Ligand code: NAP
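Form predicted alone, single chain, as structure tokens, below.
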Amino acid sequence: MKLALAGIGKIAIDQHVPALKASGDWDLAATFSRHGRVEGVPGYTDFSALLSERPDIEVVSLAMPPVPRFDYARMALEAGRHVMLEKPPGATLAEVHALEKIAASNGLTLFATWHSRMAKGVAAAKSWLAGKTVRSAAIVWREDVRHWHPGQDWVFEPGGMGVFDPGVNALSILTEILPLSVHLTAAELDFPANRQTPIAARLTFTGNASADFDWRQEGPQTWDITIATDAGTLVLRMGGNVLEIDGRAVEGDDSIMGEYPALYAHMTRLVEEGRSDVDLSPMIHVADALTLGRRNSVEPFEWSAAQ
């Protein structure tokens, strides 16, 4: 199938483009971006022109930041194209529900992706947890925003989600693998004095579950989920790509490069079967944290650590 990739930034270049070029199912036939380009692929700076001039393109994959994404997704669906949404699928829950209705009314596929659910250890973790009694679950997700989002001010603007941009990856795994549902009961959010979104967050859920997100970690990064059960302890490391049971590695490796190929393979199946996949449970936890969270003002954040 021919696909247009909209939003040619870091995540598109690092993950979407390699996954598409390696796939036998997809032809990256065009891009849309005001600034970015993919060598050898026709590029558009006008989204309406792309849709009108390329009726051969069946699918649009949207990888731009969440705030402007709704209008492009709506335009693509109304033009009869299947749509794939980078995580988080939108700036608000309501707009994703609206897109879901448009897709359904037009018989189109809408896929709200959660790439961390495709990490190598996640499916095995879900299988191992099935039927077990969970005693506690703890997420520790700490990374360096300067490394992963260099100079990208949008992550600190309203709708950018702040530390929940990576944190929702952990929540997408938790909501996928836990054999019970949990909901947020309390949150504490650290907002830099000069920014609009949190740089750190500590969450408490029912079921003795917790999450610790921080965007200020330098050196080695931490992406761990530990779940204690009546039959042993499971740990997912490296963002879900390494699974350990009672201290023994049983699945996966430390590469994250299999996640986006798996997303595009799933999109292939959805289009072929005429289905959509729009699970908003990870984003609901984020919305709840921003509603319930106690706000702390912390030191200003500047992109240059010396500032």
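Remember, it's a predicted structure, so these values are computed and weren't measured experimentally. Throughout, we count residues from 1 along the sequence that is shown.
The next section is about a form of this same protein that is not shown, the form predicted together with the named molecule.
One stretch from 27-35, 242-250, 47-55, 268-276 that, in the predicted complex, holds residues within 4.5 Å of the named molecule by heavy atom: Contact criterion met by 27-35 only.
Could you tell me which one of Glu176, Asp214, Asp190, Asp165 places a heavy atom within 4.5 Å of the named molecule in the predicted complex? Going through each option in turn, the one that passes is Asp165.
Which of these residues, His82, Lys120, Lys87, Arg142, gets a heavy atom within 4.5 Å of the named molecule in the predicted complex? So the residue touching the named molecule in the predicted complex, by this definition, is Lys87.
Looking at the named molecule in the predicted complex, do all three of Ala138, Phe205 and His285 come within 4.5 Å of it through at least one heavy atom? Zero of three within 4.5 Å in the predicted complex.
Interface membership of Thr226, the named molecule in the predicted complex, 4.5 Å heavy atom rule: The answer is no: Thr226 has no heavy atom within 4.5 Å of the named molecule.
Using 4.5 Å between non-hydrogen atoms, is Ala63 touching the named molecule in the predicted complex? Flag for Ala63 set to yes.
Is there a heavy atom of Phe70 lying 4.5 Å or less from a heavy atom of the named molecule in the predicted complex? It does not: once the named molecule is placed as it appears in the predicted complex, Phe70 has no heavy atom within 4.5 Å of it.
Even though the named molecule is not shown here, does Gly9 get within 4.5 Å of it in the predicted complex, heavy atoms only? Although the named molecule is absent here, Gly9 would touch it in the predicted complex, with heavy atoms inside 4.5 Å.
Can you tell me which bits of 111-135 touch the named molecule in the predicted complex, meaning any heavy atom within 4.5 Å? The stretch touches the partner through His115 alone.
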